[in-house]
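One chain comes next, on its own, written as structure tokens: the form predicted alone.
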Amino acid sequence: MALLEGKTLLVTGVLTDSSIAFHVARLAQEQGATVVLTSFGRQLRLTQAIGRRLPHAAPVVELDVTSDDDLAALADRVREHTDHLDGVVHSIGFAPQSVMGGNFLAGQWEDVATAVHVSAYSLKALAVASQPLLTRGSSLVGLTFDARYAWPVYDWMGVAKAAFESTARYLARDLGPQGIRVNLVSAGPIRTTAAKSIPGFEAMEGGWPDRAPLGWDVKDPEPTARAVAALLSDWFPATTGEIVHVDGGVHAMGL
């Protein structure tokens, strides 16, 4: 039987076919899952077009994770396509360029607040909005970039990721009694459209393949997508609050 046979998943963050989320959705379908995507605003048509490039065209429901109205309506919008969810993938992040690229000390609260809202608080917001559809044994998986370190040019997005990782632990605590697992995948740098929008992204990826014991291909999202699929599956029934590193081993190496 395929890894995700019979499961229904909600996948956020599919914008292009280079998105990690796109490859998670593709792999999930290949492994037997039914996939529903989310998008909003001007990105909605783009996600609908990209969704047709999946092995099976996936429906798209509208969701802006900073909109209370969208969050309140999410369960009903998803119910137009399925009566339950076995998993949710959080692949959402944004910070204004004014708080990245070496602008840490110059960052203003309004822009920092945007980064924290979209990139960290949204994990809790998405979990609560999805909760009415989640079943015992279901899984929430998010994507992070190791927040233990002060990375070049990442600045306040790095702070938001630290909040994101902490949020996942608290969600694991509070959703665990309902049988809902919450885990993260910490991926190495991958040249997605979102990553390339970070000013000076080359400084983050530079030398990564040389530092990784297993090597690292910044153009290959497949290893990350496989880890997400594994955490969505039934093969980690007693794992929650965990961060799985998919970075070629860099996280374990000294500089």
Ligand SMILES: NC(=O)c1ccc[n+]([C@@H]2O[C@H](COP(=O)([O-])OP(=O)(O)OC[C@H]3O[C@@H](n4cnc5c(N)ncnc54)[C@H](O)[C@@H]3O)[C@@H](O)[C@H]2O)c1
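Treat the numbers as computed from the prediction; the structure is a model and nothing was measured. Residue indices: 1-based, along the sequence shown.
Heads up, the form predicted in complex with the named molecule isn't pictured, but that's what we're talking about next.
Asks: Within 4.5 Å of the named molecule in the predicted bound form: all of L15, F40 and K161, by heavy atom?
Replies: Answer is yes for this spot.
Asks: Which single stretch, out of 130 to 138, 92 to 100, 79 to 87, 173 to 181, brings residue heavy atoms within 4.5 Å of the named molecule in the predicted bound form?
Replies: Only one stretch qualifies here: 92 to 100.
Asks: Among A147, V118, V112, A125, which has any heavy atom within 4.5 Å of the named molecule in the predicted bound form?
Replies: Contact residue from the list: V118.
Asks: Taking 4.5 Å between heavy atoms as the contact cutoff, choose which of E202, D64, E30, D220 touches the named molecule in the predicted bound form.
Replies: Filtering the options by heavy-atom distance leaves D64.
Asks: If we define contact as a non-hydrogen atom of the residue within 4.5 angstroms of the partner, is I50 a contact of the named molecule in the predicted bound form?
Replies: It does not: once the named molecule is placed as it appears in the predicted bound form, I50 has no heavy atom within 4.5 Å of it.
Asks: S233: heavy atom within 4.5 Å of the named molecule in the predicted bound form?
Replies: So S233 does not count as contacting the named molecule.
Asks: I'd like to know if I20 sits close to the named molecule in the predicted bound form, meaning any non-hydrogen atom pair within 4.5 angstroms.
Replies: Yes, I20 is a contact residue.
Asks: Counting only non-hydrogen atoms and a 4.5 angstroms cut-off, does V60 reach the named molecule in the predicted bound form?
Replies: Outside the cut-off, so no.
Asks: In the predicted bound form, which residues of 129 to 157 put a heavy atom within 4.5 Å of the named molecule?
Replies: Going through 129 to 157 in order - heavy atoms within 4.5 Å of the named molecule in the predicted bound form - the hits are L143, T144, F145, Y154, M157.
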